[in-house]
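Next comes just one chain, in structure tokens: the form predicted on its own.
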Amino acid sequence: MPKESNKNKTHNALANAIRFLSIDAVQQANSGHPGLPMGMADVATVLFTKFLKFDPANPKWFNRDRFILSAGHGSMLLYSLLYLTGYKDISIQDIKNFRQLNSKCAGHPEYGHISGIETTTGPLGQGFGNAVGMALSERILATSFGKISDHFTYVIASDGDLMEGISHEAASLAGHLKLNKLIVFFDDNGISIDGPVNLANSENTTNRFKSYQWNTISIDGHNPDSIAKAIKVAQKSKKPTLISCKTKIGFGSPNKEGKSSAHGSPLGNDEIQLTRKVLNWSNEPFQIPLKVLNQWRTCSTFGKAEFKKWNNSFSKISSKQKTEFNRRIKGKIPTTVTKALTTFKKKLIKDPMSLATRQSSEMVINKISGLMPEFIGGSADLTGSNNTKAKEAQIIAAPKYNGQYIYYGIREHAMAAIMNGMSLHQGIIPFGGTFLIFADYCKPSIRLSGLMEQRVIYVLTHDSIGLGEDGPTHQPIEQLASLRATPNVNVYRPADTYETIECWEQALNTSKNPSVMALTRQKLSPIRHVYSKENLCSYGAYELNSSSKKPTVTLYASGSEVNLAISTMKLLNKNKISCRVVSVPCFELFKNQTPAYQNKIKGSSKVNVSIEAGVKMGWNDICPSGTLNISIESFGASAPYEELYKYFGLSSEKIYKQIIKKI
């Protein structure tokens, strides 16, 4: 190891505090990743002590710089920083409980556990995508509020982050949008779990980012002067910046530095003792010298001063702007939106329309877009198919960013992660579209939307074999069941325009759940003919109509199959078999209802039938035991959709015959 100079003595002590808190926590847990915190401690120390704008006493200050540890396996780097800089909701005891049950310091950073954690990271590349969304939100909000929204977004990303496909998608879009306040530190240590990165990767990463229209800088990641110089250059760039930091994983460990053995396992007591000697750290485990701790606690002085300046600036804007800013940051829906949708529903009852629900959704978007500047839409190159663009919505682009619509390109996964970042940033309600089949390309990010309780709205059209001739590659069969199985994700499948409005209302007013709108390509006849002040879709399932107080048959259906249930009911009634139809637009909301309500909807019919153009999985959680499931348990086929419905047994005549057999 090189000799410690006087110039770097203070820096080294601060960086070593990160290293040894990380080493000790991983060792005590007998689990974790010490290599990254040891290798990136120098970069993090320079960033937090000299550049990052933050105030631990006001952790939710809107205009703070955002710091994202995309390489979430190195979580002890973040926990160490939050403790050392004085965040009130993390203690040394929390760090000692690293990776233990109910600990704030989980194996990977969890949004909401500690106030300084900006997003849940772990699946590699997610944090990178989130950061692009945060940087974009900062620019969008600046168009409305000027310097009230004026901060940087910093990211630490690993080799793994940048190998994952999502980072390619997100980086490409960030360069296209010229998000110059996005600065990514690439931990270029050349090591992955399996060994040297060159076992599987031979690209020139900096050249790749140059091709994405990024500014790139290469530095020694252990030289504090080089790190500081690079950040200064990046802050003045007109493009997003990748700072490639050449580092040594497990820095300071005489036998594991630069080796994959430092990545994901404790160093071991003997190696820790040797590392203490090499780095001149004589303190006991979890012990930080008071002088070093005090130096860390004063590093947010700059941020505290900036917080006061910002408050002063905020106090000088008009009361109208303050009210609007606070409304957006709190995520409150304007009352004008509620009124507009109520008026729309009343009009529908007087003048019903047969529309594909993707068109119904477009009408909702058009009704409310102009009333909610924070309502930011987009599509993964399917705008005309997803119907996600309001007629008057301007396109968000550099250098003004003053629109309401994003062309994401064919980047479904990045779109989903970017929307998570926009929601986490606050001040934006994002929605974005693709086909339901491509939910598989978005799924890791949708899952994290649920995990982080973010109001992100996924408009997923072409929701069944009803899309017809495109065939089985594009026909979702298992996707609804997969999404419904994801905790805290509300999956809506409306049956007509009226239900589509109600589902949108519910999605907008649900602040801690992401929403999936599963919408049809084909036209659907209206099923609702009476205006209801109450949002019936908010119950998840409700009785649409019944021919008897004690019907022999109950038909449960969602989306396009509700019309099929209605036509089946007519056949049954014609043959003097009493029937009721239950529309089930949202499984998750129904499961949240009281047992009394659920039992009321399930009723006591002799024969119960569920109808949906997808796998039956999940329906037996909704319907009474012994329910006959009319479903599709194979992949689809290519043909006009009317023929496909008949071929797969989804016709009123075929369903009627199965019911008669059951009776």
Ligand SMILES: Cc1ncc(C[n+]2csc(CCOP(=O)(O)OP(=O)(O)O)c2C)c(N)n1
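Numbering starts at 1 and follows the sequence shown. From a predicted model like this one, the values you see are computed outputs, not experimental measurements.
Beyond the structure shown, there is the form predicted together with the named molecule, which is absent from this document and is the topic of what follows.
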*Within 4.5 Å of the named molecule in the predicted complex, heavy atoms considered, which of Thr486, Gln522, Ser192, Ser103?*
Ser192
*Among Leu124, Leu536, Leu279, Ala393, which has at least one heavy atom within 4.5 Å of the named molecule in the predicted complex?*
Leu124
*Among 586-594, 237-245, 183-191, 86-94, mark the stretch whose residues have heavy atoms within 4.5 Å of the named molecule in the predicted complex.*
183-191
*Can any non-hydrogen atom of Asp159 be found within 4.5 angstroms of the named molecule in the predicted complex?*
yes
*Exercise: Ile249 in contact with the named molecule in the predicted complex, heavy atom 4.5 Å*: yes
*Decide whether Glu164 counts as a contact residue for the named molecule in the predicted complex under a heavy atom distance cut-off of 4.5 Å.*
yes
*Consider Leu69 of the chain shown here, and say whether it contacts the named molecule in the predicted complex, taking contact as heavy atoms within 4.5 Å.*
no
*Can you tell me which bits of 61-84 touch the named molecule in the predicted complex, meaning any heavy atom within 4.5 Å?*
His73
